[in-house]
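Take a look at this one chain, the form predicted on its own, written out in structure tokens.
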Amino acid sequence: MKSAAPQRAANAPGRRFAVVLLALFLLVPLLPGEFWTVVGTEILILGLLAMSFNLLYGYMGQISFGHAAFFGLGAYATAMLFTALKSPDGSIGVPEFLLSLLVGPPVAAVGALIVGFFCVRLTGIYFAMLSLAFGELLFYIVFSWYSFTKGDDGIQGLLPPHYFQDPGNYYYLTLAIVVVALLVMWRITESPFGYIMRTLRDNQRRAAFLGINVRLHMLANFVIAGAFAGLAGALWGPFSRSVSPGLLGWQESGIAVFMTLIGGAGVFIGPIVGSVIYTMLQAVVKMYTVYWPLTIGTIILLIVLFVPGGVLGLVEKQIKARQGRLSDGGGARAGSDEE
């Protein structure tokens, strides 16, 4: 029983924030106007991308600067099938639309399998640089292969079925898919496989001594993370009505890194919290000034220097400190009673 209590305390911030966030997300379309519904959809999609990145960073201990490549692969796979299934008048039915969404994750997973086969042979900065190199390679292929990907023009006209053209309806579809994806992701991280990832993060050499196939497990996690990133990309195309090569670029990967740092990589729901803060702050700041890069750069600098565990990491630290004080107080009272 004693061993379960610290684990419940460690998960408490994430669970509380998950419940609060879900309640708030359900209420977003009730706000007046469409602005916050659109922002909320962007938060969910980019939050799913950040959550998939955190499978590599927070759980496996490796940082990828090319993770958005799988986001872009999922987006392009969905866009291409979407375009192929459209009727001559440009409309698409609900079954065809949902089918086009389903193709994104497996295509991204295949891309992640190929890239990951080489990346998992390295760790640390070498893993990060190789992932960046592959990400830029895929970006260049998409950018240059005009006959297949339409090059820098991208793929336009990804108008979803009439029902989902309403921002509120598409928002709830996105919310449902993201919630299911996060539940699956949470189950993976709490499974024996998830704890093997934590072992690899903490000490790969010790994991190898225990008989764990380090490269195979790293590759499996890389593919899983790529599939979830592809799902986020699949949702992005119909949301923005188009896809472009920039979705595969290092800038998009940087957004996932920023969100994870802001929310906290050590707590499961941290990247979603980071997505809320990042996206809403961006929306507000751009209303009043053009200095968004300066703003986010300053925020990231302050977080790295003073709150390295992110927002939820700070909350978790405060909860543990409070529990420690209560525990010390209880011990002191017990000692005085014995006297």
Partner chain sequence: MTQSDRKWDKVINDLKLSRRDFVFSSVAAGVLTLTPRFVSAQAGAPYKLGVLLPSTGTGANYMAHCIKGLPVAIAELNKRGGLLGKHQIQMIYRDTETKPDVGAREAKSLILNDKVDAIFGTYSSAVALAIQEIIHEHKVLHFAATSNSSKITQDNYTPYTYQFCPDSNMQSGAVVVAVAKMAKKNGWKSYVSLGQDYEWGRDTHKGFTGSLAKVAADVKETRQLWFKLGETDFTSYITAIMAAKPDFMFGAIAGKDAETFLQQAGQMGLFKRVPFPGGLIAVNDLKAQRKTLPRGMIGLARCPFFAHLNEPIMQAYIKRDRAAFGADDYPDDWACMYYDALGGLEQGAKKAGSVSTEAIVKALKGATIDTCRGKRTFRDCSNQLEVPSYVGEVWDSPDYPFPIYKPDTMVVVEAKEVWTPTCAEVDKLKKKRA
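Keep in mind it's a predicted model, so treat the numbers as computed, not measured. Residue numbers count along the first chain shown, from 1.
If you look for the form predicted in complex with its partner chain, you will not find it shown, but the lines that follow are about it.
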| in the predicted complex, the residue from Ile300, Val38, Val307, Leu281 that sits within 4.5 Å of its partner chain by heavy atoms | Val38
| So which of Leu247, Val115, Val267, Ala232 gets a non-hydrogen atom within 4.5 Å of its partner chain in the predicted complex? | Leu247
| message | Please tell me whether any heavy atom belonging to Glu190 falls inside 4.5 Å of a heavy atom of its partner chain, as the geometry stands in the predicted complex. | response | no
| query | Does at least one non-hydrogen atom of Pro88 fall within 4.5 angstroms of its partner chain in the predicted complex? | reply | yes
| Can Arg206 be called a contact residue for its partner chain in the predicted complex at 4.5 Å between heavy atoms? | no
| Are any of the heavy atoms in Asn213 no more than 4.5 Å from a heavy atom of its partner chain in the predicted complex? | no
| field | Contact segment among 223-231, 249-257, 126-134, 190-198, judged by heavy atoms lying within 4.5 Å of its partner chain in the predicted complex | value | 249-257
| Within 4.5 Å of its partner chain in the predicted complex: residues from 148-185 (heavy atom criterion) | Asp152, Asp153, Gln156, Gly157, Leu159, Gln165
